[in-house]
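Take a look at this one chain, the form predicted on its own, written out in structure tokens.
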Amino acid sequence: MPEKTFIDIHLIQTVPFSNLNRDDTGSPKTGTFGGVTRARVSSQAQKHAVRDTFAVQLPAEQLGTRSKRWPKIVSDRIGDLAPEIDAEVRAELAKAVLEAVGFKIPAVKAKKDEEAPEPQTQYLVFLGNRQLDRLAQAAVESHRTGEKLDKKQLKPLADTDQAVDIALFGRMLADAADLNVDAAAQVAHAVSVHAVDNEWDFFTAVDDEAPADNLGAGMMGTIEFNSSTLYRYASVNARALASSLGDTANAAQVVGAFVRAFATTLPSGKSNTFANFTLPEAIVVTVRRDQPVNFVGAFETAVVPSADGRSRAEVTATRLASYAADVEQAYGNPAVASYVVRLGEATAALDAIGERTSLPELVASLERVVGERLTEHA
């Protein structure tokens, strides 16, 4: 059996006043860990931020789109490929090709005196942009040749040449389970290493056109926020990623792209209000051959302000370094490679568990190591 290759990413990141990830009431998400309330940022929000970064850094043909508006998306793409086809026919072709693949498109009825709503797939569907092109091309060829759409030929078009984000984050289709893709990347909910209490900012806004003698506010309100030092963790199964992508060299590059994007992005919730743009104080990346290991246990006891004046980041880095060393000593299967990117002396304890480097150098080293392992241990 080929040897496994897991890439674990551990981040320590301090975020000032912010509301990165809101719940249904607008409050910053929290959770209980170690018996106390912690700030929390969901895995979904972090993955969305990574996908936004990919959209800037990677070619569109390597990425996917998640939407319910596939009938219109496919119809528009058919129009790009074959402008001579009438819009109504394009819509019918789009519906036919999507249903042939296995996606349900519920019938929609127009309300009285209103236009019929745009047809949509039954739920959000994640498709690669190259897969979209192929399905649209198949629809055009069917129209031009008069041959019926062949379901057996269409399904592979939606299940090969996977997009980078689909290979990383997976795809689950309730009505077309044979098109499911297992996620190669797992992202943990980020958790503050300390207890938090949410606070409220009361604000007022002035009406610019109000009379000079009007001392009242044009509007007022409150925004809930907190501040935290987060422990963030994610892991990538490089072999599973290579299997989905069908390309070892590309998989190694995608691992590098994921680490860079995960380390440099956060959800953008209320960022216009708080401008909470920070980078991690420390990034620890390990390559493991046995299994992924989340080090959040280092913070099961909440960090409290140090009586000797050490910063929260320093205590956090010391605990992370100690916990990682304990894990390797206790279980006796050290990481294949370990890298540390860090800021300042507060995080110096982490030098004991990995080679200190910069983020660009880390990504280059990681791509090389992962590429070699995927090739040598295939």
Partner chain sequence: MSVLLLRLAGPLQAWGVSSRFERRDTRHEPSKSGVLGLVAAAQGRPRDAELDDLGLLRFGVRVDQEGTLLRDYQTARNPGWANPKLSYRYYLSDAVFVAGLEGERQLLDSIAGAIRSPEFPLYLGRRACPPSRPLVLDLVDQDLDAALSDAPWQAADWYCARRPGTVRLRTVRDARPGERGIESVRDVPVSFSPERREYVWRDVVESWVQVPGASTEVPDSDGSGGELVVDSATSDGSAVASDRPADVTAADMRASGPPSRPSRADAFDELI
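All figures in this text were calculated on a predicted structure; none of them were measured in a lab. Residue numbers count along the first chain shown, from 1.
Below, we turn to the form predicted together with its partner chain, even though it does not appear here.
This chain is drawn without its partner chain; in the predicted bound form, the residue among F203, F277, Y123, W200 with a heavy atom within 4.5 Å of it is Y123. Note on the partner interface in the predicted bound form: the residue among R77, R288, R239, R134 having a heavy atom within 4.5 angstroms of its partner chain is R239. Contact with its partner chain in the predicted bound form, judged as any non-hydrogen atom within 4.5 angstroms, is confined among 349-357, 56-64, 43-51, 336-344 to 43-51.
Residue contact check for G246: none of its heavy atoms lie within 4.5 Å of its partner chain in the predicted bound form. Contact annotation for A313: none of its heavy atoms lies within 4.5 Å of its partner chain in the predicted bound form.
Its partner chain in the predicted bound form comes within 4.5 Å of a heavy atom belonging to A188. Contact between P305 and its partner chain in the predicted bound form is found at the 4.5 Å heavy atom cutoff. Of all the residues from 306-338, those having a non-hydrogen atom no more than 4.5 Å from its partner chain in the predicted bound form are R310, V315, R319, Y323, Y331.
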